[in-house]
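In structure tokens, the next block holds one chain alone, the form predicted alone.
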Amino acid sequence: MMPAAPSPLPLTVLTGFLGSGKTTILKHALADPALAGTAVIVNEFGAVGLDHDLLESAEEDLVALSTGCLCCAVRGDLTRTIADLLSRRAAGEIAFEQLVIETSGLADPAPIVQGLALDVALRGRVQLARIVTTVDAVLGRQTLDNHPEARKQVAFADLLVLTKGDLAPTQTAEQAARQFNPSTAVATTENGRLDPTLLLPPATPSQALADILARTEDAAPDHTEGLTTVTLVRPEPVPAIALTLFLEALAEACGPDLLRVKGLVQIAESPDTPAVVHGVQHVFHALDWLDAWPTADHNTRLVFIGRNLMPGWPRLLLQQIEREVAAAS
């Protein structure tokens, strides 16, 4: 009997616009024992500002911390850096159980998420757990008004973190951010400190996603400067082949205009074990399967965020594909 393949390591992406507080959050989180066993990858090591008393040892650009974390600077291509860390872990040189990537303030999250899904060396070894986006309470609305990079970072978020609440009320920044991602979860910092467990994968697979989707409704889309959010909620299970064809059709029809798709799908062939859907632009991660539904709600729930998505279009597309599958069977 062949041994079971090891489970992929969960990865969290920490993003947010310049000056929104990512580095401060990361510095405090790395000092917390809750992140023991975490490999943290940053774009520029010098920008992290680690306290000297945290350092245990340094080898090239890999730093071990007294709390049990590893901190690594990107040596060129991000996916190669991750693959190198995984190889060193497999060889017993280093030890970690999850990864966190801090992006630069102007980064587009799409290539990062796509690289995780498409890179052959990472396939089956790393799995996206969540995207955390920081939003500055002081300058958040102004930043979102003026910078498309910030709007895209917010649109991709599974969790929005409102920072600098000690300097300004967070309501204005939250309202501005929710125009681009109305259903996502929200957290706040206290004097630059975020609950470090929010940078770790949820204890129950896809529980964070389920919490987000539990707040969605099958409603008309929200439009803001071309960005549209459409939700699809349905009680009927979806045939597995119809879901595959549906995701392929979405990728072909929308391409880069479809920024994010996330959701839980009830599959007709296995209604008690929902499929987890993660998509970024034209790239969809391999389906993940839960052992059971995380809540009593077993409805299919999908959230689509993109540019100028037509109301009801995903529902009509799925229905048409289901009819064609039924006719061909």
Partner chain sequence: MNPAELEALLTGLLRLWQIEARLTVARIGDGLMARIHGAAPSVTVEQSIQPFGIAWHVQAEGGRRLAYPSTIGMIRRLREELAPDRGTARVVFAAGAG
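Residue numbers count along the first chain shown, from 1. Note that the structure is a prediction, hence the values are computed from the model and not measured.
There is another form of this protein, the form predicted in complex with its partner chain, and it is not shown here; the text below is about that form.
S.K.: According to a 4.5 angstroms non-hydrogen atom cut-off, is residue 148 in contact with its partner chain in the predicted bound form?
M.R.: Close contact is absent here: in the predicted bound form, residue 148 is far from its partner chain, nothing within 4.5 Å, heavy atoms only.
S.K.: Answer for residue 124 alone: is it within 4.5 Å of its partner chain in the predicted bound form, judged on heavy atom distances?
M.R.: Residue 124: yes, in contact with its partner chain in the predicted bound form.
S.K.: Classify residue 256 as contacting or not contacting its partner chain in the predicted bound form by the rule of any non-hydrogen atom within 4.5 angstroms, answering yes or no.
M.R.: It does: once its partner chain is placed as it appears in the predicted bound form, residue 256 has a heavy atom within 4.5 Å of it.
S.K.: Using the partner position in the predicted bound form, report whether residue 108 sits within 4.5 Å of its partner chain, counting heavy atoms only.
M.R.: So residue 108 does not count as contacting its partner chain.
S.K.: In the predicted bound form, does each of 251, 286 and 319 have a heavy atom within 4.5 Å of its partner chain?
M.R.: Every residue of the candidate spot has a heavy atom within 4.5 Å of its partner chain in the predicted bound form.
S.K.: Exactly one stretch in 166 to 174, 114 to 122, 152 to 160, 133 to 141 has heavy atoms within 4.5 Å of its partner chain in the predicted bound form; which is it?
M.R.: Correct option: 114 to 122.
S.K.: What residues in 302 to 329 sit within 4.5 Å of its partner chain in the predicted bound form, counting heavy atoms only?
M.R.: Counting only heavy atoms within 4.5 Å of its partner chain in the predicted bound form, the contacting residues of 302 to 329 are 307, 308, 309, 310, 311, 313, 316, 317, 319, 320, 321, 323, 324, 327, 328.
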